[in-house]
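What follows is one chain in structure tokens, specifically the form predicted on its own.
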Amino acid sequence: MEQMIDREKLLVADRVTFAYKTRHQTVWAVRDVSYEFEAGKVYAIVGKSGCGKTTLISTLAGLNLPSMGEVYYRGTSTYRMNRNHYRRDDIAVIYQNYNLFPLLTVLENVLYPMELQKKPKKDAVSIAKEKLLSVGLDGSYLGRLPAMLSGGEQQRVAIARALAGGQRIILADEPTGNLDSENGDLVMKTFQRLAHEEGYCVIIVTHDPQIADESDIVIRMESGRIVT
């Protein structure tokens, strides 16, 4: 029986397939994936390296367009939207290596997405401070450069930057991969609070079984397909 997809869900993958084409071969990284993601939940996408996890979230984020199938955000396909605006206003991506600007202070890093959105400077600074405080970083951190922070602190700055832009979907690719267990736990608790108390949709690619255990829903992938 054909699977019915509710295109009015927050984020929907509808029979998404993605292929990398090289000179000598075609690699089917994601195969016929259909899934509905809701606000207020933490999802963990797990599976062996090369199973298609990162390619899937890159496609959900609009960094790739599916080779076949479609991704819908609030009912609109990524094929038929301004994907630059989508990535700027609706989706926040957090990476394992933090991706902070090394020559910008903590405050300047968090201000960056709001500058792209042309928010008034006074409002943007207030929002940045609020988001940093929400991830446990007080005013003493504002003037520090990323090199002056621990890995856990840098990842929390990256989360604050993601929150500052107002996006309601967070896609995190191995966000605790470079962190010790204590800092990884702090980051996961932040994601849980954002989903359960503030209604974010959080989708995490992870190899960490503890992160998977603490997520609301675990999605397992093998050879580009969802198997559970």
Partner chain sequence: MILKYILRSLRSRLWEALSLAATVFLCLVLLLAIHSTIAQRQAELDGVYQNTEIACVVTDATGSTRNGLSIPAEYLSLFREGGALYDHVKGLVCHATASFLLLGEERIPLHLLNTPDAVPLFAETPITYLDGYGDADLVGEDAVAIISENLMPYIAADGSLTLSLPPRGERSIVVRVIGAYSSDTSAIYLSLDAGRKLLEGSVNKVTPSALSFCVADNRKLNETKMALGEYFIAADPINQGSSRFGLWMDDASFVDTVMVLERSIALFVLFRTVLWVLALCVCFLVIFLLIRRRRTELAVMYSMGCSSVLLYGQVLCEVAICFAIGALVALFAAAAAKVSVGGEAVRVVGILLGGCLIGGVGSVTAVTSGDIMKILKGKE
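Bear in mind that the values here come from a model prediction, so they are computed numbers and not experimental data. Numbering follows the first chain given and starts at 1.
Below, we turn to the form predicted in complex with the partner chain, even though it does not appear here.
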item	value
Met148 within 4.5 Å of the partner chain in the predicted bound form, heavy atoms	no
Touches the partner chain in the predicted bound form: Glu153 (any heavy atom, 4.5 Å)	no
In the predicted bound form, Lys131 touching the partner chain (heavy atom, 4.5 Å)	no
4.5 Å heavy atom contact, Asn99 to the partner chain in the predicted bound form	yes
Candidate stretches 183-191, 56-64, 33-41, 196-204 - the one whose heavy atoms come within 4.5 Å of the partner chain in the predicted bound form	56-64
All of Asp123, Asp138 and Arg168 with a heavy atom within 4.5 Å of the partner chain in the predicted bound form	no
